[in-house]
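Presented as structure tokens, the chain that follows is alone, the form predicted alone.
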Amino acid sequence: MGATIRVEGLRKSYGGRSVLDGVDLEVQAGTIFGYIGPNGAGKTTTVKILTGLLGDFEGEVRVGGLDPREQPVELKETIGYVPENAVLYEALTVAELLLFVGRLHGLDDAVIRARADEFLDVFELKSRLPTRVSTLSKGMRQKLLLTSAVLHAPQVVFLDEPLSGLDVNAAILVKNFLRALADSGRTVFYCSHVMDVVERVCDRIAILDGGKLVAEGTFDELSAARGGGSLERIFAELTGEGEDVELAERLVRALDGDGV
């Protein structure tokens, strides 16, 4: 279907400290693309650039053919975004929040209500329409956040830990929904620290470390290149996190010692 996201020579620094150092990416339409890395690797900065929230960077970026620096408003009309730590309007009811979000995207009220009813029915939240957001549980908020992010039928969806707070059944539903989005020709850019989920749901995976891409490919390609193993093991080897077992044992020894 062609590339929906193109990134060439992406660089970003904060106060002289390099956060992204020459990242090149190409994400095809109709795929779930996993983007993973340790804390501080540059994942969040990348997503902020791709979603038009951060315009001060070097390199060339296109999302759906749009330049985030030159066309940030147009870009936001075509994408959906679920951040890891979202802030919702607590005083609004669920119905009011979705109506507000839909109107921001220029949707007719009838379309907003029809889509919202369908999503909330599937997510078992329809009875919560008159409920204030402040009263919702974490899992309910996550379902509401996902609904608001895709209400305008975006062609590209950016997700940062989208399964956070969901119970097992809801998580399975969301993973199937993401697969259906990709199968419909949309692009899903998926950030997470949950390696086994990334391994199972993503068509391609990029591993970022210290602002640089250290690997990219399908899971089978990454596994073959590293002599087999899970994505968690591959990630640990490539990002220098392989001493975790020894460190964990060190913590236990500290508990068993007398501190002298």
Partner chain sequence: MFLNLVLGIVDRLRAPITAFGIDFDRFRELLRVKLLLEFRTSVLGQGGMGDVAFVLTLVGFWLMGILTGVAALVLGPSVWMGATTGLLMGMLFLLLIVHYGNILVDTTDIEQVAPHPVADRTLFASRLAHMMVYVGALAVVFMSGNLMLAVFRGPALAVLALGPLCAFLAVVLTVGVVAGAFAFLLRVLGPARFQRATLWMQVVVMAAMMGGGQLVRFFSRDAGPVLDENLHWLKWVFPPLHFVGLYDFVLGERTVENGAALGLALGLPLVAVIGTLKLASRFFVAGLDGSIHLGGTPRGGWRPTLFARLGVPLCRSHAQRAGFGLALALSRRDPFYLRAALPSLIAFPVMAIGMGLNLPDPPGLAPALALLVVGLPTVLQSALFCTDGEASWLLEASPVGERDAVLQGAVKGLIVGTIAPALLGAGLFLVLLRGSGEILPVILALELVAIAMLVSLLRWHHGMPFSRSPKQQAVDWSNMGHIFMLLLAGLFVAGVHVALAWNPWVLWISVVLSPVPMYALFRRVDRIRLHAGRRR
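Every value quoted in this text rests on a predicted model; they were computed, and no experiment measured them. Residue numbers count along the first chain shown, from 1.
Quick note: we don't show the form predicted together with the partner chain, though the next part is all about it.
Participant: Check for me: heavy atom within 4.5 Å of the partner chain in the predicted complex, for each of V156, L159 and R186, yes or no.
Facilitator: No: none of V156, L159 and R186 comes within 4.5 Å of the partner chain in the predicted complex.
Participant: If contact means a heavy atom within 4.5 Å, which one of 108-116, 159-167, 172-180, 186-194 is the stretch that engages the partner chain in the predicted complex?
Facilitator: Correct option: 108-116.
Participant: Report yes if any heavy atom of L53 sits within 4.5 Å of a heavy atom of the partner chain in the predicted complex; otherwise report no.
Facilitator: Yes, L53 is a contact residue.
Participant: Given that the partner is absent here, does L136 sit within 4.5 Å of the partner chain in the predicted complex, heavy atoms only?
Facilitator: L136 lies outside the contact set for the partner chain.
Participant: With the cut-off set at 4.5 Å between non-hydrogen atoms, does Y81 touch the partner chain in the predicted complex?
Facilitator: Residue-level check for Y81: yes, a contact with the partner chain.
Participant: Taking the shortest heavy atom distance, is E124 within 4.5 Å of the partner chain in the predicted complex?
Facilitator: No, E124 stays farther than 4.5 Å from the partner chain in the predicted complex.
Participant: Which residues from 90-109 come close to the partner chain in the predicted complex, meaning a heavy atom within 4.5 Å?
Facilitator: In sequence order, E90, A91, L92, T93, A95, E96, L97, L98, L99, F100, V101, R103, L104, H105, G106, L107, D108, D109 come within 4.5 Å of the partner.
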